[in-house]
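Single chain ahead, written as structure tokens, the form predicted on its own.
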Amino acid sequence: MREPVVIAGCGVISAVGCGLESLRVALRENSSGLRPLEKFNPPRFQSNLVGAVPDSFINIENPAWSLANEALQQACAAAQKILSPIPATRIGLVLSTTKANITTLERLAENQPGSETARRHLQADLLAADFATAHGASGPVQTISLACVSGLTAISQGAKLIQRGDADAVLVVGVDALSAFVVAGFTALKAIDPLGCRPFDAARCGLSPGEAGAAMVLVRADFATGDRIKIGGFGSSNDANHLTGPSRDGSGLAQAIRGALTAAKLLPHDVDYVHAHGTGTSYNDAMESLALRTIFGDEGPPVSGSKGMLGHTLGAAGVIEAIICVLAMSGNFLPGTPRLETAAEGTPKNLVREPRFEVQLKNVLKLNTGFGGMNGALILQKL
């Protein structure tokens, strides 16, 4: 029997601040970190309301590095006692990102300075290699770029590296920084909500771009003691429906959920909570709701989503939202769905608007979907 893989430490920087405590407070208050950013003003962009990290935390020349490095430092510090006896050759790293340091291209196009390091980090594999060097991980290094499913896949890949015996610990980090390229792209798709992302709301009409750095340290269960949360199972699929639009019937996401449940040896009724992808776009929310009904029936587990708080952080989304699940499981509460006012017809009946406290969560399902028909489902379990 394979040794379970557990989460030994987490780190995060996002629109609601730097560190786990800032995120924990925002979750408990159900607050939103979306704010207007002048550089994304209309009419060039659909909306300037984004999930931006406070300027004081970002190196504008190399934002992807500064965001992810901060998150990695936090996660490694939290797991220092566990990591310290592990040889560097037995520590791996998996990077999740969709655009790496694309802002350097924008700066160069505007004749602004770009250091050699910033240019190097245009390539995600080199960004990952430099993170590994900086954080003492000389084991296997991987880069995952699978649209918005990147983060969940990176967590799964990190767990597999440990279960295969290729590493004893893996640093998983997800990052994407706000850029004109990304905001203009979503503007071209008319996919941004001018009033801010409202997942599962009757008046929803789009997402809000966001940025974040998020990291977790995965280790073999026998390296950690006390209360632990393990990677229970992962499922993925590709519904091959459209470049940007999900399959309307939700069958691809349902397939991914079944795969995760099977890997975790769970039945649908064993799931205590679902953290949804919840972009706030009409098609995604409707598809996700249908997939959940397919698996759980009309009366399923509680469901909520956090993109109304953080924005859509792309390559960081799966990692930071998995960390939200960890905080909920450790703190015995159900996160709410920030900015949700009136639930749309057909959305899950057990949609959580406001946080609920003193709730025991043993098995949690995290979902993400992405461009190109990608679907991912991750099970987190208390040991």
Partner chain sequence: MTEADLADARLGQRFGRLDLSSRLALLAVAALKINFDEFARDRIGICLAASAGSLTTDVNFWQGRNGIGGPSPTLFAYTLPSAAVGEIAIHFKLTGPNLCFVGAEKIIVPEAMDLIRRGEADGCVCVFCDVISAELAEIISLPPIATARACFLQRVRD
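Positions refer to the first chain, counted from 1. Here the structure is a predicted model, which means the values were calculated and not measured.
Only in words, not in the display: the form predicted together with the partner chain, which the text now covers.
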| item | value |
| --- | --- |
| Answer range among 220 to 228, 73 to 81, 267 to 275, 114 to 122 for contact with the partner chain, defined in the predicted bound form as heavy atoms within 4.5 Å | 114 to 122 |
| Contact residue in the predicted bound form, from S282, T294, N238, T133 (heavy atom within 4.5 Å of the partner chain) | N238 |
| Contact assignment for the partner chain in the predicted bound form, among L195, A88, L189, A129, heavy atom within 4.5 Å | L189 |
| Joint contact, Q142, A147 and T153 to the partner chain in the predicted bound form, by non-hydrogen atom at 4.5 Å | yes |
| Heavy atom of V182 within 4.5 Å of the partner chain in the predicted bound form | yes |
| Close approach of E110 to the partner chain in the predicted bound form, 4.5 Å, heavy atom | yes |
| L243, heavy atom within 4.5 angstroms of the partner chain in the predicted bound form | yes |
| Interface membership of Q163, the partner chain in the predicted bound form, 4.5 Å heavy atom rule | yes |
| Interface residues of 345 to 383 toward the partner chain, as seen in the predicted bound form [heavy atoms, 4.5 Å] | F371, G372, M374 |
